[in-house]
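Next come structure tokens for two forms of one protein chain, structure 1 first, structure 2 second.
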Structure 1
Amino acid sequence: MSAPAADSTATDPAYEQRLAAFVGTELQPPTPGPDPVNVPMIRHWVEAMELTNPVHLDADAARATGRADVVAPAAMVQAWVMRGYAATVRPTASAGRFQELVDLLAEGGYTSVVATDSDLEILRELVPGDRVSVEEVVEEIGPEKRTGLGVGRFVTTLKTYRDAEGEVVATQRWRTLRFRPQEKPAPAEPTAVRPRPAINRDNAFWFDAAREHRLVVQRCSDCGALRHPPGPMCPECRSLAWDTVTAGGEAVLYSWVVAHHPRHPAFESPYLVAVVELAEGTRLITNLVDLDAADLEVGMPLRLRWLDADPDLTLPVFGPADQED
């Protein structure tokens, strides 16, 4: 079956029936949280959220209000059932029905998601020692509608939180918008000159070589240590004598950031700023090209490209190692 057209709200009846069949489906069976309610996690939450109510950490203050012990902040209920970092980055089990729903929505072109609201109802406060579990059921999949983000559907699920005895302690209606991302207009040509680097007697040789499409690394003539950025003295042996070696152009990704601000008319925003480690051993701050942020991984191989920004400025950039220059 072909996916519904991205520029129309009309949908295929068979596709609508498949979506409707998910209403009432259990996306997540009752799943216990990894840890019981505990004071150390409450303390982290209270400090991070800057909560001042003493009933969360002071047992005497809690008893003065008629409580038997300290209580966890109500909004913290979801924290007790989170699967943790390791399970998130290295999942060992299938996402089951949840993934089936995501795949079905993606089939209709609804590949992007944004949370819209969360309606949390607390039925009783949680205290240290409580073991919380959660289950999630699809309540509603709305009709296709046009939003500011694109054509999409609102999906509402109901999470039910229970204690070890099976008593409901909280419910949460979680609403997300699954939408078709709008096509981005073609980026406009830069209207400004790229900012000039600070060139001086210590680094002019490097920029001169770049204009010739040569990436050079400064080398100590006495001990042979490579260094970058360029400088007048070897940090290893303090020699002032140096020459250069030409880098082969192979590198791996060491770290990166996705820069959105501040915007500059000479750059297409957002842009990827990275630290790459050359095969020769030194590191270089550069831009990444022909890559998406979602595909980046520390250690991934890269290859040198050249950006001729204008007649007076050429800079090394790096792209995928499996693509020709």
Structure 2
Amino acid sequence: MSAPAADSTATDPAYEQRLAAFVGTELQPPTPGPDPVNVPMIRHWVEAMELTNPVHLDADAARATGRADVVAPAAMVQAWVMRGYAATVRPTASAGRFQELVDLLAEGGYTSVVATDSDLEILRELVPGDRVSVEEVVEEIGPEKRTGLGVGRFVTTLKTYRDAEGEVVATQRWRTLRFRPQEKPAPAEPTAVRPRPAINRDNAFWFDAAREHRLVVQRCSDCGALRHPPGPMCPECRSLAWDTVTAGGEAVLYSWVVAHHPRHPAFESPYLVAVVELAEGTRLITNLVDLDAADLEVGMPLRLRWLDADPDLTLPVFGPADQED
């Protein structure tokens, strides 16, 4: 028999017993809803759910169906006993047995939850003035199962809704899957990529050359002046004709920044961004690699490297002059 895997369904018998002790017990004692059944809340529900049946708001229509007055939508039974938003996000008192069960499930690693189904049985319609209370009992805590979400247990409870006389008006069988979240394998590709250049007719040649690991500088075909960043016209002689020269890769450091904040997911902070002066004479913004910030000096020699940042982006970066790439 092989050793159990990390997500084994084998479990501790003592733990099973503690879970089993919850079955049949009361998670929530009979608890009255904060407000009686009332027309304003019915109206909100009807509008939000876009219900068209007139029996919920129109007394005449309700009477025409043999009812004494308007009736609350059946599915609203849960709404009358909800504890409200504030109490949900900021529970004040100890949440009691329910929290004990949640804690016990968490002890078994079942820290995630998803609701799977809700079976509602309606025994009578609620009318304005009804006071509804609810109690909840654990019906079943299932054996460990492997699901698409991860290994977990189905927990089924029964909620019983009663009116002021204690008569049952509805029951709700409520099932959730309590599970261990599956650890996702690390993605093969980094999730963040460097900010993209916006390629257009004026600059595409430069990024195309970079993909071939060629650092080019735009050159005026007429007067020979070099220019960077690229542009459509020579600012020296207004010529529209241009070609490129390929830089030899020698440069000196002109200025730099050690970037600490803000953190960008594509960069490991702190990182070095520099202005370098190419031997050809033009400047370039780049990153420095294999260099410590403490060792940088204005004018120090640098040598070109290439960074294939991702399948769509290759950038020239610079390292120490005395090291080959």
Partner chain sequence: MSPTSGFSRQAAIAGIGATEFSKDSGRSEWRLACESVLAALADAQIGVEEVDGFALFTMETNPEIAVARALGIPELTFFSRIPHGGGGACAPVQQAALAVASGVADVVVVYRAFNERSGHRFGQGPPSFAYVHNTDQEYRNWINPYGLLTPAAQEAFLARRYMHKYGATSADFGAVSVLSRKYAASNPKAWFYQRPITIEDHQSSPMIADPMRLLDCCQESDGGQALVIVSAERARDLPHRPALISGAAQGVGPQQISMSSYYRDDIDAMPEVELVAQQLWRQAGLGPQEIDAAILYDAFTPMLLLQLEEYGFCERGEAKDLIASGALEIDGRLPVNTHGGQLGEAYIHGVNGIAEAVRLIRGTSVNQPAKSIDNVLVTGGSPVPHSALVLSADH
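What you are looking at is a predicted structure, and each value in this text was computed from that prediction instead of being measured. Here, rigid core means the biggest group of C-alpha atoms that superpose within 1.5 Å across both forms. Counting starts at 1 and follows the sequence of structure 1.
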inquiry  = The form predicted in complex with its partner chain: is that structure 1, or is it structure 2?
reply    = 2
key: Core-superposed comparison between the two structures, R18 Cα displacement 2 Å or beyond   = no
key: A294 C-alpha relocation of at least 2 Å between the two structures, rigid core basis   = yes
message = Rigid core superposed, CA of W242 - does it shift 2 Å or more between the two structures?
response = yes
ask   = For A266, what C-alpha shift in Å results between the two structures following superposition on the rigid core?
value = 7.5
key: Rigid-core-fitted C-alpha displacement of D202 between the two structures (angstrom)   = 22.1
